[in-house]
Ligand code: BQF
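In structure tokens, one chain follows: the form predicted alone.
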Amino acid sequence: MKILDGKKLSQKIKEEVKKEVEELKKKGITPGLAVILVGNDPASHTYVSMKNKACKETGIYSVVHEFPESISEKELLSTIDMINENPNIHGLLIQLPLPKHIDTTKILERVSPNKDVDGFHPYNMGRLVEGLDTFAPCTPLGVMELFKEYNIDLKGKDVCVVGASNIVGKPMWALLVNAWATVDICHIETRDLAAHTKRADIVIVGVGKPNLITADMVKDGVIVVDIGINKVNGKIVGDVDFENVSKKASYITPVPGGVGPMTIAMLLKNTIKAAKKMLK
């Protein structure tokens, strides 16, 4: 069994990003990322703080627009318009979730597709499905980078994706299909999850349910990517019973230290990509 070490790979990517930032600065461009953070959700504040720190480490200009939970949709849309027009900001990220009185779809659609470094705009989602160059969502993109780093060939592999969210599951499916994998996508209405995971060469899970994937649900030699993040008795764990599943797996991601660091690394890469478009 080998560990798919996202922490180690993310550091390698950060060093590459740092060099690219230096090159862009020589050409008069300082990559800039703006984050909109609404409310007091502790997890959201933690994520934004980590993203901000990663930007500073790599030389990317970062600004966080914080708003109270009571902010109106109109005010939020106005802020997005202002950031869209700012030539010094190349990437704009809306930290989710947003308060219930705000239409998340409307907010995400207001972000300029050219600054949509989270890859959530329907325009970029559509290009992703068609296999065209675009901004792909950071978490599934990070999973693909792990496969690339560890020379895991996806062609013809049977992959089971557990979770069908717009943020992870659906874009993960698109990236895998574009890499010529055969993809089975499962969700909360799937009747017999084990029947799908047992025949998969690769299982990718991200639903937020501890120990959802157990050893009896996977075959020997399986590759397991755990995107889930859960807190159990004060400890961060994934969606996979790591202790027992790892005994059958050929490769597996740890939680923490697997996909999490890769998500932020891909955000940095997408921001650089957006900044480079300014040169064209």
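The first residue of the sequence shown is number 1, and the count goes up from there. Worth saying up front: this structure is predicted, and the values here are computed from it rather than measured.
Absent from the display: the form predicted in complex with the ligand. The rest refers to it.
Asks: Please tell me whether any heavy atom belonging to Leu96 falls inside 4.5 Å of a heavy atom of the ligand, as the geometry stands in the predicted bound form.
Replies: Judged by the heavy-atom cut-off of 4.5 Å, Leu96 is in contact with the ligand in the predicted bound form.
Asks: Would Met50 count as touching the ligand in the predicted bound form under a 4.5 Å heavy atom rule?
Replies: Although the ligand is absent here, Met50 would touch it in the predicted bound form, with heavy atoms inside 4.5 Å.
Asks: Would Leu37 count as touching the ligand in the predicted bound form under a 4.5 Å heavy atom rule?
Replies: Flag for Leu37 set to no.
Asks: Decide whether Ile264 counts as a contact residue for the ligand in the predicted bound form under a heavy atom distance cut-off of 4.5 Å.
Replies: So Ile264 counts as contacting the ligand.
Asks: Ok, Val64, Ala54, Ile229, Met217: which has a heavy atom sitting within 4.5 Å of the ligand in the predicted bound form?
Replies: Partner contact (heavy atom, 4.5 Å) among the options: Ile229.
Asks: Given that the partner is absent here, state which listed stretch (54-62, 23-31, 237-245, 250-258) has heavy atoms within 4.5 Å of the ligand in the predicted bound form.
Replies: Checking each option against the 4.5 Å cut-off leaves 250-258.
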